[in-house]
Structures are given as C-alpha cells and as structure tokens.
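The chain that follows stands alone, in the form predicted alone, written as structure tokens.
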Amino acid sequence: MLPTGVQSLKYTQESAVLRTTRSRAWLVVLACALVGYPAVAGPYMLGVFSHMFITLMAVYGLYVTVGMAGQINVAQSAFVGVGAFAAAKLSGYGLPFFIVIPLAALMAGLTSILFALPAARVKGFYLALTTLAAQVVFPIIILALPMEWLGGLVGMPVEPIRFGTLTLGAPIHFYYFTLALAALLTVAAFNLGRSRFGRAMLAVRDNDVVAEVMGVPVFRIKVMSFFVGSLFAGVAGACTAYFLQFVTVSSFTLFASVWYLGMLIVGGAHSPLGAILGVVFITLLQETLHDVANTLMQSGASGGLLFALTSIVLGGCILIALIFEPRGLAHRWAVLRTTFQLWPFPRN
C-alpha cells in the first residue's frame, strides 16, 4: 500500500526498497540515532548492541538460505564458527582485517558447499538432518586436529583490529565497526531479492519443479543459496572472533543455531525486515530476563534455577509470538503500516 501519487514506471522503481520520501526520511532518522547512541549508552549496552549486530549478520545468512531459497539450515552456528576460526588463524599471520574478513567469509562459504551438495538432493526432515551433520562434525574436526593448528579444546587467541597505529579495543570502537558491517550486509540482504539470482531462489522456494521446467538450474541455485548464506555467517564469525578476542568450539553450538533459526521465524522468514525485528525482539527479551534474574539472585535465589527459568520463559514467549503471529513480526508491522495509511477509511 503506497500513498496517492506514488507510482512506478519501471521495474527498478517498483522493486525499490525505499519508494517514498517519508521512508527515506525515517531511514535517515534511524541512522542518526544509531550513530549517536554511544553518546548516551554505557560500555555494557554498547557490547549488547555490538553482539546484536553480529547476530543480525548470521541471521541474514539464514534469511537467504531458509527464507529465500526454502532450504532448512540448522547448522548456521557451525558456519559462523568456521569464519571465526579462519579469522583467528589468519589474524595470527599479521593480515589486516579487510583481508581477513573476506577470506573468513569465503572459507565459510566453501565449507558449506561440502554439506550443500548432498543437502540439495533431499527435502524436509532429511534436509534438516543433513545440515545437522555439519553442526555435529564441526567441533569433532576442530578437536581432532593438532592443537597447534586450531587450538583444539583450548581455543585460539585473536589479534585485535588495527587502523594504522589505532587498536580497536574499546566498546565504542567495536560498536561502530560492527554497525558499519551490519549496515553493509543490510544493503546486500535487501537488494538480493531484486537480482536475477534472488528471483531464482524465490522461484525454487515456491515450487522447484515448476522452476526447473522454466529453465532455472534448481540444483545449482540450492547449492549457491547455502554458499551465499554462509558468506554472511563467515563475516559474523570473523566479527565474533575480533569481538571476543578468543575463539573456542564451545561458542558455536547447536543451541546457537536453533536460536538463530528462532529469531528468523519470530521476525518473519520471507523478509530481511523479519531478520531485523526477530534479532531485536529476542535480544531485548533476553536482556530483560537477565536483568530480572540478576535482581532475584541478589535477593538470594539460586542462579542455576533462574537460568533455567529464564530459558523456559524465553522459549514460551517465542511460542506465544508464533501462535498469535505465525508469519512473523514483519507481517504484523505490514498490517499496522497499511492500517495507518488507510485511516480513517475501513480496511475492507
């Protein structure tokens, strides 16, 4: 639904992400708010936002694989881990970050192809099991390799990011660094659907048999969807390595992959806006529950019990969101926006 007078004469205009002056103005306001946020936030909240930006990069990768191509992926955390270990290893050779991050993304993408080749031949439950194999194999390989290669059970230190003589170590530095990368990947995610490859993925998702009859190389598109989705994961892994300054296999578990997938489902799997809303919603909900748990712990409550209850409450909130809005928060936002644009006229 667009305001009166806004019309498209070309396909590029119709497929544009921002089609009105008002939407572009709100984007400028949001960008100014994010740039100016460190002026009013403390180090802890800057760290929370940096982690949220990194998580958003990984969920964008799931949006490509699951939302656009319709391929189930429950191993996104493993591909994030591949990017993190690649960044840790490459940074030890003294390579600058602008070389390390693309190489880490490429390493994650190439690794995903090994599991995408068999996964592209199956569907549904069997596809989930095939991708689950990547999540199971990842820590086994890391721990089986010699310790001097990837650190084994101990893990690997990561050299900090350096801009000339400046070393990025303060929370505000990581905030702006992850914000810039998240903004770059946001542009890529929103524009991917407008490309020839993006439209091919949408065709495969809707009906792969019809897509193949129309000349779409279905097998290649499915494999490439895993590759492109893992490129996002590799960037997220490299940022995680620089953010934590140390990487271990315990940071990239099946639990994390499930949460990535849960964020995408809650936000809406068929829109990059859904990835944003899902990550923001789950992150803010987690922080709120952690604050409540910390307050109760100061009153003498058991920390282990509170952690378990926090996870249960968080999972319950996600189930409630899925029951009342199964198409995600992005759909609810679209409904509210349409209602506002049609007011005071009835929707029917």
Partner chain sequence: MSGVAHERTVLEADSLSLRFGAIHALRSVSLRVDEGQIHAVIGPNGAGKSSLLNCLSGFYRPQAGSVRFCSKDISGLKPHRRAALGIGRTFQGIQTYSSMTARENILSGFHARMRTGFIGGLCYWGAVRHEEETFTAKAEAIIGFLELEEMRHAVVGDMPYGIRKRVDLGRALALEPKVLIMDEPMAGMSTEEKGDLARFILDIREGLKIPVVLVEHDMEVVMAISDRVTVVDFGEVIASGTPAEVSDNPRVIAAYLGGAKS
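Fair warning: this is a prediction, and the values are worked out from it, not measured in the lab. Residue numbers count along the first chain shown, from 1.
If you look for the form predicted in complex with the partner chain, you will not find it shown, but the lines that follow are about it.
- The contact with the partner chain in the predicted complex, taken as any heavy atom within 4.5 Å, belongs to 210 out of 210, 153, 166, 136.
- This chain appears without its partner; in the predicted complex, the one residue of 96, 157, 102, 217 with a heavy atom within 4.5 Å of the partner chain is 217.
- Of the candidate stretches 126 to 134, 169 to 177, 195 to 203, 249 to 257, only 195 to 203 has residues with heavy atoms within 4.5 Å of the partner chain in the predicted complex.
- Although the partner is absent here, residue 338 is not a contact residue: none of its heavy atoms lies within 4.5 angstroms of the partner chain in the predicted complex.
- For the chain shown alone, residue 245 is not a contact residue for the partner chain in the predicted complex, no non-hydrogen atom being within 4.5 angstroms.
- In the predicted complex, the partner chain lies farther than 4.5 Å from every heavy atom of residue 265.
- Among residues of the shown chain, residue 227 is one whose heavy atoms approach the partner chain to within 4.5 Å in the predicted complex.
- For the marked spot (51, 85 and 288), a heavy atom within 4.5 Å of the partner chain in the predicted complex is absent from each of the three residues.
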